[in-house]
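The chain below stands alone and is given as structure tokens, in the form predicted alone.
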């Protein structure tokens, strides 16, 4: 019997303290771009006071007031002409009524789900995991569109101030998404207090605009803008409101204005970020956020009607920028503050996009943990962020920007459908929860939540019908396919889990009656001898070697070399014919024959030969890898 280390193999040495694997080139690039990896023990959540939480979590919702009223006008003007301005306030009143109903419903969500809520959690707990997949898909689609539309709207605010930049709109939007993505991959957290600043700058700036505009309006100095400027949307002829086409257009305008209500779910998703008592603070913040949003939507609509602002087909200048310019006037102070308002608008829109980078990966983490998305989405990356979810969100949003040319009016066609589906499921889910528990004012809660769910489902139907040809067809088509795919993925995970489940009779099988080891031989070299050495350390009942013959001359050379290597004298080499040259199948057949008896287990060893990553694949076959994959 040859001894372990008499075959001229290198003698092993103990690893030194400085020993470390060499970093791959791609890892070096990652560390250079993103910085050094963060210690997982530094992961934690920052508790926020209401003033910070309001600024951080409400930026998505409040920023949508920058384009909601404009989208109403875009739908109305070509059909109703200047009469569209008279329809603005009734349309806005309906939207604010829906805002009130949904807000009351989400107050109930926060009251029950005091750590994290949202449509996915509510639906999963009240309607089961399969129905929650619908909520997950709807919210994921909404978050993707949110990044695209907030970034495009923020760029539109820049171009409204500097019109010469219009030709680079798409590139600027993609650049903003890439920049926000980079920041989040580096671990920039939504909970950073600096992200609260854009919200207060925007709200403060618009408060000055509204106050100045009201003073000028009551004094008769607020101008009415020219409605026949080149580049604006065409003005149609007024028509009756009771015709089918008129009703259809009114519903389309209502669907456009519904984009103002996105982002209401953010606070229910981030209840755990609030200081104690979390639920009470979150509910108060939700009411403040909704009040600010309603005031902004109402104010923008009123001023748009009062000065007759015209939306432009190119997207800029925006309606909100025209309102600010008209209210602030052409004086030096007005021009300076106008730039401030545009900068604040840009910042809050980008901050709203950044908020999604926190919500989307966390949602994907929940869904993946439940087995409906790939488990890679539960892994934290180099800087403790859910990097895979961030990259998925960014790539999808960039694709959407390129498809739509970064035009807000086109992106709105994909918007709101997902978020109102979430409102629907959350409303009906909380109604079921109230009925099942029947505590406190449960009848009132059932009424509020059922009303919220009913109104939201009506909005979903309206949106799907009136926006179908403008792009909603894509969401309506993709959503069922995505739901089916996630359910199919879950079934696959369940089958794998069932196959690997440790049963009671198997848990007692801690020893093997007979363990044989077979080495699959392709040549006689140092790798083969190393495999034999390792096989001996396993103390097998039987140790053998097998070569599958696909070339007779090659087989004879291996047989001769085997007999000439005295370190292998005690190991029998068996030559097995493989006429069809399908080596993985031959290895599988051999393993099945060797384990025909239930008390026998066989370990197949493949000698490891490592080559250069690229040239190795070009110069050497990958037979060993193919055999290994087949098992």
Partner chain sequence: MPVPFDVAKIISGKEVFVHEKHVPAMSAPAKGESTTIPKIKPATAVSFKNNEPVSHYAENLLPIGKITWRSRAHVKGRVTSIRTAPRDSAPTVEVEIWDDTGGVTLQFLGRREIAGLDVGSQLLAEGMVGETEGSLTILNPSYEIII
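Residue numbers count along the first chain shown, from 1. Treat the numbers as computed from the prediction; the structure is a model and nothing was measured. Take the two forms, find the largest set of C-alpha atoms that superpose within 1.5 Å, and that set is the rigid core.
Heads up, the form predicted in complex with the partner chain isn't pictured, but that's what we're talking about next.
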item	value
Joint contact, 492, 573 and 593 to the partner chain in the model of the complex, by non-hydrogen atom at 4.5 Å	yes
Contact of residue 50 with the partner chain in the model of the complex (heavy atom, 4.5 Å)	no
Proximity of residue 370 to the partner chain in the model of the complex, heavy atoms at 4.5 Å	no
Contact test in the model of the complex: residue 402 vs the partner chain, heavy atoms, 4.5 Å	no
4.5 Å heavy atom contact, residue 335 and the partner chain in the model of the complex	no
The partner chain: the contacting residue among 111, 525, 313, 556 in the model of the complex [heavy atom, 4.5 Å]	556
Per-stretch contact check against the partner chain in the model of the complex, the hit in 548-556, 407-415, 101-109, 475-483 (non-hydrogen atom, 4.5 angstroms)	548-556
Core-aligned CA displacement of residue 553 at least 2 Å between this form and the one not shown	yes
C-alpha of residue 600 moved at least 2 Å between this form and the one not shown on rigid core	no
